[in-house]
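Just one chain follows, in the form predicted alone, and it is written as structure tokens.
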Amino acid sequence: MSRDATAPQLAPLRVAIVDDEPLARSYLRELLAAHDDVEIVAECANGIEAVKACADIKPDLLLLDIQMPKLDGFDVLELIGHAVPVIFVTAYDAFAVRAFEVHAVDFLLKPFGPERLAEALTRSRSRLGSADLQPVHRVLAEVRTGRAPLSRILIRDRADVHVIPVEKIDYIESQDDYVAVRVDGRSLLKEQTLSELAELLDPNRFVRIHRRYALNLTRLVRIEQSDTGSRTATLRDGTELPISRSGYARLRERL
């Protein structure tokens, strides 16, 4: 049947494929070739390439593998936020399926066939631009519940990705919906609240000393009290941070 020339034509769905396995990328490329309304704008072999593609090319949709070295699919999701809708691709159905259902447009369980991919693409078109996805960090917090505390923090600066071991952090400062992570004499901004991030850190290392600050205990040199009763934490580099009453109580439990 010929296509109705008067029917409105949808813009091609600009898709980026992200998978560290060449055969998996080739399989997706082959399946997507059957869809005239899909344009592959990037193929990424790792998470860092995916973050860069999202910043530079701005695809409409990511087909994103979960199990990848260095940055896995959840790391990529954390770094891109809501910048690009995601269809997760995974061989591990027990690997945080709840998060797929809550946040992602869809998820494809390997091995999958052309019909299942077509269904996911249809669903993605209906949800492009939708505001019904949960905040990324809330979903990631759910995924990480019960897992070991964070050993690193990921921060995106445009197309650059900073991977910061938590032991290198001096302190973290709340800046509304962002946090400023102080490390090596500079501050790096991350789109996440201090409350959300503090829940994921080791409580034996980081203590919320104030509503605005979480301190790495290894950086603490001394606690001073003023004549008015207010307390201040002095760090190795001479930085002084205020300590609230509740923060001081938490400090005493750890010291």
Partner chain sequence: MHPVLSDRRYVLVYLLVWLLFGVLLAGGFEGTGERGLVSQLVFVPTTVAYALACLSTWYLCRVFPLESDASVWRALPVHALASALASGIWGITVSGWARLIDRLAGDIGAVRVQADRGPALFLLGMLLYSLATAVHYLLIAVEASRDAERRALELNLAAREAELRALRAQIDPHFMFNSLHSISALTTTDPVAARRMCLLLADFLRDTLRLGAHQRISLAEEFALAEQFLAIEQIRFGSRLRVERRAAEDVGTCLVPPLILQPLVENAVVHGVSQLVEGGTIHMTACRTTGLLTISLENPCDPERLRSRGVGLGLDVLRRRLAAQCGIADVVHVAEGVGRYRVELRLPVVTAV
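Here the structure is a predicted model, which means the values were calculated and not measured. Positions refer to the first chain, counted from 1. Think of the rigid core as the biggest set of C-alphas that the two forms share within 1.5 Å after superposition.
From this point on, the text means the form predicted together with its partner chain, which you will not see here.
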{"property": "Per-stretch contact check against its partner chain in the model of the complex, the hit in 201 to 209, 214 to 222, 187 to 195, 63 to 71 (non-hydrogen atom, 4.5 angstroms)", "result": "63 to 71"}
{"property": "In the model of the complex, the one of R152, R116, R125, R158 near its partner chain [non-hydrogen atom within 4.5 angstroms]", "result": "R152"}
{"property": "Non-hydrogen atom within 4.5 Å of its partner chain in the model of the complex for each of L13, V86 and F88", "result": "no"}
{"property": "L235 within 4.5 Å of its partner chain in the model of the complex, heavy atoms", "result": "no"}
{"property": "4.5 Å heavy atom contact, P22 to its partner chain in the model of the complex", "result": "yes"}
{"property": "Interface membership of Y178, its partner chain in the model of the complex, 4.5 Å heavy atom rule", "result": "no"}
{"property": "E39 within 4.5 Å of its partner chain in the model of the complex, heavy atoms", "result": "no"}
{"property": "Large Cα move at P203 between this form and the one not shown, threshold 2 Å, rigid core", "result": "no"}
{"property": "Yes/no, R116 Cα shift of 2 Å or more between this form and the one not shown with rigid core fixed", "result": "yes"}
{"property": "Core-aligned C-alpha movement of A24 between this form and the one not shown reaching 2 Å", "result": "yes"}
